[in-house]
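Just one chain follows, in the form predicted alone, and it is written as structure tokens.
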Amino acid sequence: MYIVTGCAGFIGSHVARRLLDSGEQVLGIDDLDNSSDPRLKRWRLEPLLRNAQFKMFNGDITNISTIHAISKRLTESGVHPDAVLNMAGQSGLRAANGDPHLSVNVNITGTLNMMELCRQHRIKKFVSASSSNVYGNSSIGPADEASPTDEPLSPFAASHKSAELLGHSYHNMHGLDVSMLRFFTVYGPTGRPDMSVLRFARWIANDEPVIVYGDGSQERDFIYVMVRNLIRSNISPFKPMRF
């Protein structure tokens, strides 16, 4: 069994569906807040909730009472998770910088709480969503794991860097196997409609002018979300939505 936080989010829902397609049991955790369109979250959750191998826990991982409730549930069920995949987090750099307290709370406190859950229940593997923003304005490109991350340029980036440092600490102190995934811009089905790739596609499909900021010479790495096996599900990931 795997625990997936942020299961109603873009990346988290894809992670949960991929595990379910592989025959695994998944405990999904999400507080279903209004940081993005609730209709989109419900749409992502719909195929998960139809799967008997999926169980949903509605809660905020930054709240210690949520962690206690999950811990109690694991103890009473006798289930020992194989790993925690922490995909919860505040999405969107601009929105995050507008509310730095939320970035710190979700990315640091939430990550700490889930690592504590791993320690308490002797869960050996912890995978967490970090961000390419930890690289700052590093002149080394393309970035890799050895690129400098000592000068984050925003509270959002600093919160992810702090979470990575906590992961290093828990590995050192408790032997927790930690993987921090420094996502570049992730796009694909059920992605956020405000992201550039989906906005470009919508403008082109509607024969509208494409707005490009800057002088057009800038470069950016993108990552396509994995959707293998999703086409076999009862709901198509390519169903059109209007916002």
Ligand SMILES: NC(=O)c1ccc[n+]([C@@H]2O[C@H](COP(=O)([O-])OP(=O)(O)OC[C@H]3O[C@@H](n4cnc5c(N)ncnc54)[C@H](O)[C@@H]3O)[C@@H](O)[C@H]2O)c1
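Residue positions are given as counts along the sequence shown, with the first one as 1. In this text, all values refer to a predicted model and were calculated from it rather than measured experimentally.
Below: the form predicted together with the ligand, not depicted.
Considering the ligand in the model of the complex, the lone stretch of 146-154, 125-133, 161-169, 70-78 in range is 125-133 [heavy atom distance within 4.5 Å].
The ligand is not shown here, and in the model of the complex it never comes within 4.5 Å of any heavy atom of Gln53.
Heavy atoms of Pro189 never reach within 4.5 Å of the ligand in the model of the complex, leaving it off the interface. In the model of the complex, none of the heavy atoms of Asp177 sits within 4.5 Å of a heavy atom of the ligand. Within 4.5 Å of some heavy atom of the ligand in the model of the complex lies at least one heavy atom of Leu32. Applying a 4.5 Å heavy atom cutoff to the ligand in the model of the complex picks out Lys41, Arg44, Gly59, Asp60, Ile61 from 41-61, in order along the sequence.
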